[in-house]
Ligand code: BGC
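In the block that follows, a single chain appears as structure tokens, in the form predicted on its own.
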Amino acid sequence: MLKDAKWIKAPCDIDDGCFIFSRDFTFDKKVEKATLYVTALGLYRAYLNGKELNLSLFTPGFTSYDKRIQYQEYDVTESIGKNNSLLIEAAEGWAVGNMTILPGKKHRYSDHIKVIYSLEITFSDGSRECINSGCETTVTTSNVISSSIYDGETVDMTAEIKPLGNAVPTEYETKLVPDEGERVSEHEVFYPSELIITPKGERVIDFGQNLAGYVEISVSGKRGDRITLSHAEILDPEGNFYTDNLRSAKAVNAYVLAGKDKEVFKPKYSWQGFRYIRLDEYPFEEVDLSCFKAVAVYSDIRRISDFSCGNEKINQLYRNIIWGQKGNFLDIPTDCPQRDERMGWTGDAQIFVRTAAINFDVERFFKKWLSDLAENQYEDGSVPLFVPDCRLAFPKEKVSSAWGDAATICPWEIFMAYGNKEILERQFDSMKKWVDYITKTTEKEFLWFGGKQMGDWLALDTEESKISNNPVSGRTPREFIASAFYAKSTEILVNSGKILGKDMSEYEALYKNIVKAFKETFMKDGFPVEDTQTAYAMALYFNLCDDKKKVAAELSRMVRANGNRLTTGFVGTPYLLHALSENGEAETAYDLLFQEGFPSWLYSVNRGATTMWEHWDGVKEDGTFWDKVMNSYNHYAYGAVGDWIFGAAAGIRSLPDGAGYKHIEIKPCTDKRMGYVKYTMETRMGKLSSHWYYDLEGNVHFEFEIPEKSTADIILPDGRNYSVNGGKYSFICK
């Protein structure tokens, strides 16, 4: 498996475009078994005797290539004949191409596209042969003239395929590991909903859904005809095509036709985040919409739950959460799929991981990403802001709570969702290193002071945040946030260690000291010193205050005094509704959920959003946009409210003593404005559902289904509670 193979590259200094690596071979004996192992620095597609072998798009996937690269294994027994031709087409991808958010932009991992392969053959007589990558491989140019993840792809079917000579052996120090993640595939297809002629005279096609993927075109035209498509998420206030928020990403695909009866084009090594396309070049007078379709592309994460309620705006919010996850779960959990970024930001991932695991089966997906997090962790235990870290794109001292805490929170939430302690075993050393890093580097014992903290990113509780487009971190002290997460990560480490049978007495003592120091420093008269919604929500949700009912009541008062509107950013928002509903203030939590003015979850719904926005006011109340520097319309972080809908409105929670929904709490929080709630989930234990609705007399009917091998604690709003085994149960509360 590749141990005798050599990395090879094209015999030229060209480092962009796309190359085809070819090898012909002949067998005189009958083949019993044939297996191809292959990977690349860049992205590749492999073909044997004209048949494409790839089972996944964008192979070999995005990892920290200097530390580990996944290889793929293909059973090619049925494709092998007497005379054979192996072709590997390779493009720049993440490893070689533009990573335009980063200094240096290109060549983050390699100066050149490189491939390595090994074809292992066993013959019917028991003999074996290996065909390995080396200088016997020839290299040519490709019809793919250029390909960039951010800028798009140009395919010229009239281009001359030029021989470049024999491949050149090269070196690259890294680990080669089998595929760990989910395959990336094509999924839903959207056909145009409208052809728009904008005020500028642009021909724009609307697909009706913001998504990550690409447009497939089926056309017949003259040889040399050119089609060029630009991509956008939104139209500007005048109705014109708007791409400023893509920053430097061009997001343009171009195709030059060969002149055949019917030609089908779509990019191989690039994707876009878009709802609209603009026909920049189109050789036909009439636009036949039937020639276009938008293809959603994301990892093969299996949908495991479904939700509906009696409020259509909440249902649309839920759909936006789902599509926000689909658009950003493409091999890694990206922040956004459209602009010159698409990085695996650790903060976004930990904020959303619980919701992600409710919506889809993401165990394998996160297993792969967390392996890279552990690989990217610095020697001192600190965690970069995004994973893969692209060779330390930001200064090492840029380490932050809530972002680095993905090291503990993500493994814990995956364990809680699926009940497989292997993820804790794999990540335990990483989790411990993160807690130890904070302990060793803080400027104040038992609290996290110092460092360059991100704070409550994009919070709305300062005057500056209300009057400018500056991405501020809010009024909640960064030391408060960092110390709260220090406590949380230490608590998770303790619980994880106990599950694994480890002696955690040292860290239990540390946790108690952190909580004690936190209360002494950041609490006064039982309340957080700083009167921000985020401070109160974190103190409640992280169990860092004594009288939770009193603190929750004050948080509720603060929300109501602000017109039933939130002021929280990335850090505080995931906990705000939980902090209220779990401590006697459910009505206020629902008031926030149903708020439609800015800022709120339904504000974007009312403005036609089909995914989650990065900013509460990505489109402002006057119709103008937030600053183009940072304004994604497909950013899943605020979709973490899906966890509250599941955990509070439907009332479902997996308990630590029965992770993976072996032991379940069902404690629905009802509100007539929902009309009804129905949540169904396929857990590892079987089907789980919670359904409630109001009858004409105002009584609430509850219907629950518990997996056969699970147990559940059912707690009803009238105070009744039951401990039950698997089965179906019905109750009425007057």
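Quick note: we count residues from 1 along the sequence shown, nothing fancier. This is a predicted model, so every value here is computed, not measured.
One more form of this protein, predicted together with this ligand, exists but is not displayed; see below.
Interface membership of Lys326, defined by any non-hydrogen atom within 4.5 Å of this ligand in the predicted bound form, is ruled out.
Taking the partner from elsewhere, Asp348 is found to have a heavy atom lying within 4.5 Å of this ligand in the predicted bound form. Taking non-hydrogen atoms only, Phe570 approaches this ligand to within 4.5 angstroms in the predicted bound form. The closest heavy atom approach of Trp403 to this ligand in the predicted bound form falls within 4.5 Å. For the options Glu89, Asp461, Glu341, Glu153, the one in contact with this ligand in the predicted bound form, meaning a heavy atom within 4.5 Å, is Glu341. Checked against this ligand in the predicted bound form, the candidates Trp457, Tyr269, Tyr276, Trp94 yield a single residue with a heavy atom inside 4.5 Å, and that residue is Trp457. Heavy atoms within 4.5 Å of this ligand in the predicted bound form belong, among the stretches 253-261, 648-656, 363-371, 629-637, to residues of 629-637. Applying a 4.5 Å heavy atom cutoff to this ligand in the predicted bound form picks out Glu614 as the lone residue from 612-627.
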